[in-house]
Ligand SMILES: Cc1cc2nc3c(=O)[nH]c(=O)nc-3n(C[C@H](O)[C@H](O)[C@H](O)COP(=O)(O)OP(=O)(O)OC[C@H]3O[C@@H](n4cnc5c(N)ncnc54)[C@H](O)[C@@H]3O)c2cc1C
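Only one chain is shown below, in structure tokens, and it's the form predicted on its own.
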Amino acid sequence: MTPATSLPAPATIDELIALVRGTPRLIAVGAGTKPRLSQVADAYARVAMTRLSGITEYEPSEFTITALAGTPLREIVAALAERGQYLPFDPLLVKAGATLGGTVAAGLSGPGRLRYGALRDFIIGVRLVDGEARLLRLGGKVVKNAAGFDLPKFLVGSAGRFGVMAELSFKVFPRPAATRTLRLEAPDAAAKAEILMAASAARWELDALDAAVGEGAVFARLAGPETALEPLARDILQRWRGAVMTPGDASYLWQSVTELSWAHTGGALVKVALTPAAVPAFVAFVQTRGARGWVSAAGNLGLLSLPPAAAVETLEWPALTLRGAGPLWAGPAPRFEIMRAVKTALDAAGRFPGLDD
């Protein structure tokens, strides 16, 4: 692949519009942390988005933030942290350099999506350059102005097929005062599935509920006032065997999850849509392939990692390949008539790759 530093790299939205207008086939590229999204036919020019960067509007009292698409997530996370706020969907690959636009294009959410929702529940507005090189404003910059047809959500997981995102707006939340993580014993896949389903349906409002495929454990994160966490942890540990993790071990665990450092270096990585009932089958699939896997969001999301020499194969679940060789849509691709209608409305001439490319 051509190094990102040698790609055309607009620094302003006007430059991006001019570049789109003058390029018959193109796809946007962020920091390259999910390279399979932009591996398309050579006929498509790559456009580097990393210079189109910066927070353009932040209203802590309104709990909203707006930034250009190439802004590194770490800048956004740091700015929010200074005001005691955060993105509750726990964006992935922050330290690895992932950009805001690339995260939306991949539709990636971290373990925090369990409690408050995924990335698509927090995006409120987008400025998009479409296939006619028009700059469209979809949604708004504040929650009360984000009414109407919620087109920004179509861009979540769109892999750059509808246009080039130039600027994005999100609602944010106050960061919880304290967290605590429990390691619950789950010796096999059936035990993992039982805990994931029962804990997510219980009266406890868990902040995260994940499971390691290669480890006999489910991890439950609690968040809220410090005084509320100890009795809550005690209540959960009366239901299942386990222990409270030390702050250091918990921090290491969740950083490993959000930075995907548990995955193979240089190998393929696939995002898999699951249900809690499908967890045992996913675990068996991972183990029989000599792969690695992680289950997140109480069993509604799986991540599959393959060693460098292994190719992604067709899966029985809807899946998106983020890294490595193999089909972009590694399982049944979600296709609805409205998606094709939106593609036609925004990119009738096919300036961007097709939905199935």
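Start at 1 and count along the sequence shown; that's the residue number. These figures come from a predicted structure and were not determined experimentally.
One more form of this protein exists, namely the form predicted together with the named molecule; it is left out here, but the text below deals with it.
When the named molecule is superposed onto this form from its pose in the model of the complex, three or more of its atoms come within 2.4 Å of a backbone or C-beta atom, and the site is therefore classed as blocked.
Contact check for Gly125: no non-hydrogen atom falls within 4.5 Å of the named molecule in the model of the complex.
In the model of the complex, the named molecule lies farther than 4.5 Å from every heavy atom of Ala319. In the model of the complex, the named molecule lies farther than 4.5 Å from every heavy atom of Lys192. Though the partner is left out of this view, Ser38 does reach within 4.5 Å of the named molecule in the model of the complex, counting heavy atoms only. Looking at 206 to 214, 271 to 279, 82 to 90, 157 to 165, the stretch with residues near the named molecule in the model of the complex, meaning non-hydrogen atoms within 4.5 angstroms, turns out to be 157 to 165.
Note on the partner interface in the model of the complex: the residue among Leu114, Ala105, Ala220, Leu196 having a heavy atom within 4.5 angstroms of the named molecule is Ala105.
Taking Val312, Ala67, Leu303, Val29 one by one, only a single residue has any non-hydrogen atom within 4.5 Å of the named molecule in the model of the complex, and it is Val29.
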